[in-house]
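Heads up, the chain below is alone and in the form predicted alone; it's given as structure tokens.
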């Protein structure tokens, strides 16, 4: 779907996001979260990339990845937490336009 709307840049974006997710899961900082949590998150995240298209319930589908937010790098950094919150709120209009006007749910 990313290739349909963004061309080669969309495909590159998906590959970069998948590589970044893999890098994030392989960091030493996630060791306190237990191997089971990291392994489940990895398998579930790559399953979502392989099977699901963006839709209205994307937030609901990403909730099982919430334990990854226990990453100490995120928990210690107030600017990072605020940036994630502001970025999430700022992207809501983009999501609405993409889901309701360009790619109908």
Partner chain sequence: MLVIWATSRLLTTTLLASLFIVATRLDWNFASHRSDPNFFTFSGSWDSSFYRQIALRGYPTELPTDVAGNVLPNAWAFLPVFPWLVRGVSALTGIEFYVAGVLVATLLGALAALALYRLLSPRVGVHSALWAVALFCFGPLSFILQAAYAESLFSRSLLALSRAFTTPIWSLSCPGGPASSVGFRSFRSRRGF
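Residue numbers count along the first chain shown, from 1. If you're wondering where the values come from, they're calculated on a predicted model, not measured in any experiment. Take the two forms, superpose them, and find the largest set of C-alpha atoms that agree within 1.5 Å; that set is the rigid core.
Another form exists, predicted in complex with its partner chain; not displayed. Remarks below refer to it.
Within 4.5 Å of its partner chain in the model of the complex, a heavy atom is found for not a single one of 22, 28 and 43. At a distance threshold of 4.5 angstroms between non-hydrogen atoms, residue 33 is in contact with its partner chain in the model of the complex. At the 4.5 Å threshold, heavy atoms of residue 59 reach its partner chain in the model of the complex. Though the partner is left out of this view, residue 95 does reach within 4.5 Å of its partner chain in the model of the complex, counting heavy atoms only. In the model of the complex, at least one heavy atom of residue 75 sits within 4.5 Å of a heavy atom of its partner chain. Core-superposed comparison between the shown form and the other one: CA of residue 87 displaced by 2 Å or more. When two forms of a protein are overlaid on their rigid core, residues whose CA moves 2 Å or more are considered shifted, and residue 9 is not one of them between the shown form and the other one.
Core-aligned CA deviation for residue 96 between the shown form and the other one: 2 Å or greater.
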